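Presented as structure tokens, the chain that follows is alone, the form predicted alone.
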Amino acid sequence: MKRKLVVIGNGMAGARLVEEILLRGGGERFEIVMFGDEPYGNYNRILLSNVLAGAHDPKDIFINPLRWYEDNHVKLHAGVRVASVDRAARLVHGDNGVVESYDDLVFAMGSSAFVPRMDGIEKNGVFVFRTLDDCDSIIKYTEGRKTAAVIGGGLLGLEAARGLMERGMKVHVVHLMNHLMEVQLDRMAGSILRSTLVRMGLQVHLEKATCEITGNGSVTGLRFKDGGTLDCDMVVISAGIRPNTQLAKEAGLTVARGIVVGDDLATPDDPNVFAIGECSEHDGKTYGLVAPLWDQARVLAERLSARRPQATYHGSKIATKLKVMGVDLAVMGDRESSGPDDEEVTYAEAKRGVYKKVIVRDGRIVGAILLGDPAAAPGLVQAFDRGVEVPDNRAELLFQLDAGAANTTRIEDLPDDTQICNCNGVSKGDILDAVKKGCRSLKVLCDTTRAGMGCGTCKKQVETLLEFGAGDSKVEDPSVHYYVPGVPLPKPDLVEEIRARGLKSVSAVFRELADGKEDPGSKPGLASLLKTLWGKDYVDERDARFINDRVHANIQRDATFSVIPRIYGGVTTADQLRAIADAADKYDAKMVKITGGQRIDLLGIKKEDLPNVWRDLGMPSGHAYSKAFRTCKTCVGSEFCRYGVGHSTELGIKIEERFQGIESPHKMKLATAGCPRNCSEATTKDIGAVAIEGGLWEIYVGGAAGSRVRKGDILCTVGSQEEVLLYTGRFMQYYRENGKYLERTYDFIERVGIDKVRAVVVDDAEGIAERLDAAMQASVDAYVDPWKETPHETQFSESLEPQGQLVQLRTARAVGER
């Protein structure tokens, strides 16, 4: 006769436990009954922020829909809260009157949002953020509202903020502590994270204690204990969690911070009553991350299924990889050194939002933080988990110093029980087993194992394991050919659908071609493509743009902006120089610099001053901030140079006047040179024109002289400036229509091949030259100087916080040398 197992809680811990028991043949041993407060199956709570952001449909985050319980003969009381537990009679009473007896009982009730004491908590527009229903309520309330405040700067609070920002809201995060995510990060990491998030448009208020939510019935703002106030239309409270223990306490179980359990995960009061997950407390610790939850579920499943009845839990070493508002983060073990004998190895590069720190004790890693660059995470996690002795050269922990050396932390070399996906508790062995069973593409592998289906930070590792396990039998995912990840179409098909359906806004593309699911990361690429295709008829939706494109200036590390007016061909006048000098003085520019593209850059301009700077300059935008044609660098050419054979300055001005503001998959830098001496470096530009003897011009495409150096390929040789303009425009349009988003021309040329490009652009092998020319002309005709547009209501009203300045690599004894 089967024993009866009752699990209170259908969240990630409870459902995972049942899965693990069934996996071990527990269905033959137990009649399983579950209670869940929510009227749904089990879903991945980690992905709630994606639902809030609109990146996931709610149905996409379900791990086990209601049908799963039926199929596995699990009786689920969905939407039924447990009212009481009678341990003497071994009965569980639901609040709807249902009663279930049990032989073994598991508390897996998770936790609840902690709501600090403050006045006005009952007002309309105040929410917590823990469940799908919370998500739904928040989403509905955002309609027609502009500003939100999130109380709490921890992981969940920041994820809520991201979701609200993706819905076009101006978002303030109000945090009691002096830096963000103080549970996972040290102060410096918190500061760098803050700077990164501020650059993304988030408003952060630290060391603020909220005492009142103001408003007459509905939220209008916050009042702080220091007397300050903040206007907002809604409030999301995400100030921490508290284990759900009241039911256990009323049942007479020992409760401290959580329900106390031993190494067998049983309560000390009853050997047949267990607790796992966020509601439990083991060895004085409670956990709020999923990895310990998976560990506990596995151990208890081993015991209950009798697979290993003596299995024990001895705590979890916390090592997790996350994405915080899209920023990569890996943390493990201790956050701070604990004594003078601890070593700290740190590297910080605030401009790029990168911070790395490892704490070494007795030659072994006891803690680490990797923010903004997770490349070293697999090796560090391995060394941390296994207690491996670290190398004498501590820098090797953070960087691969010998590029030619074999990578000593290859994922292929890790043990099979290494956890690859923390979000869903998937090990290397699980992934390789799925590959052996026939999963040959990344998508199928992820769908089958759930690896990579949480925050997504492990997807690269999953792909590496797929290549390792499948070898030549790996099947390519169609998604690698998508123009943007959020719309399942290669660029040619996407362009065809957009044209055929007349889709002129980003939201229309998502609605028609992506089942209404909006992917924030795909918006800038789609916006660029739509503007390319529709010109003046493109419907601009401001939230689809990066901040630089929204304010038509280039944000700097101190949260000020760079202003570069258009100076055609690098040729200016005394009047323009006076206007630039006057603007620099009037608006207190921190630096005036000649750029590599022969333009003048005013650095350190405040955001709110931008419209006035543009007005006073009286010059067009130089588009130094966007994925578009930037500048055409010139030499003086035949007009003054004794070696010149072509009027390169005149041509450069014509190019710049014609193609200013033309958007493209990536930025385009151009140059013209008056002779083959190439003083303006035209052969290493995206497009360059070089004058040669006989009144001819060589047109180069696909050059580069940045992080990568490449001499461009000759597209053709022509006999006039007009022909240079013609073929330059035609090549640009072909690149605009066929280049992948963020693909520079040099990558485009190498991917497509110069012979193919030349055949289409010069020889008209596909018969599309006339259409390409017409499309480019339409884009030229649609050009409007963005600096002359009427500012949007909130376009320049936000203030941004500066980013700290720090670049350092430091190895020091932790305490004594600070």
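Fair warning: this is a prediction, and the values are worked out from it, not measured in the lab. Numbering starts at 1 and runs along the sequence shown.
There is another form of the same protein, the form predicted together with a small molecule; it is not shown, and what comes next is about it.
K.L.:
Taking any heavy atom pair closer than or equal to 4.5 Å as contact, tell me whether Met12 reaches the small molecule in the predicted complex.
P.N.:
Taking the distances in the predicted complex, the answer for Met12 is yes, it comes within 4.5 Å of the small molecule.
K.L.:
Answer for Ala275 alone: is it within 4.5 Å of the small molecule in the predicted complex, judged on heavy atom distances?
P.N.:
Output for Ala275 is no: heavy atoms all beyond 4.5 Å of the small molecule.
K.L.:
Verify the contact flag for Arg90: yes if a non-hydrogen atom of it lies within 4.5 Å of a non-hydrogen atom of the small molecule in the predicted complex, no if not.
P.N.:
Flag for Arg90 set to no.
K.L.:
If you check in the predicted complex, is Leu289 within 4.5 Å of the small molecule, heavy atoms only?
P.N.:
Leu289: yes, in contact with the small molecule in the predicted complex.
K.L.:
For the chain seen here without its partner, which of 189-197, 569-577, 73-81, 354-362 has a heavy atom within 4.5 Å of the small molecule in the predicted complex?
P.N.:
Contact-bearing stretch, as computed: 73-81.
K.L.:
Going by heavy atom distances of 4.5 angstroms or less, which of Glu31, Glu38, Asp773, Asp764 would be at the interface with the small molecule in the predicted complex?
P.N.:
Contact check passes for Glu38.
K.L.:
Please identify the residue among Ala108, Ala689, Ala161, Cys632 with any heavy atom within 4.5 Å of the small molecule in the predicted complex.
P.N.:
For this set of options, the contacting one is Ala108.
K.L.:
Looking in the predicted complex, is the small molecule within 4.5 Å of a heavy atom from each of Phe129, Leu293 and Leu322?
P.N.:
Looking in the predicted complex, the three residues Phe129, Leu293 and Leu322 all sit within 4.5 Å of the small molecule (heavy atoms).
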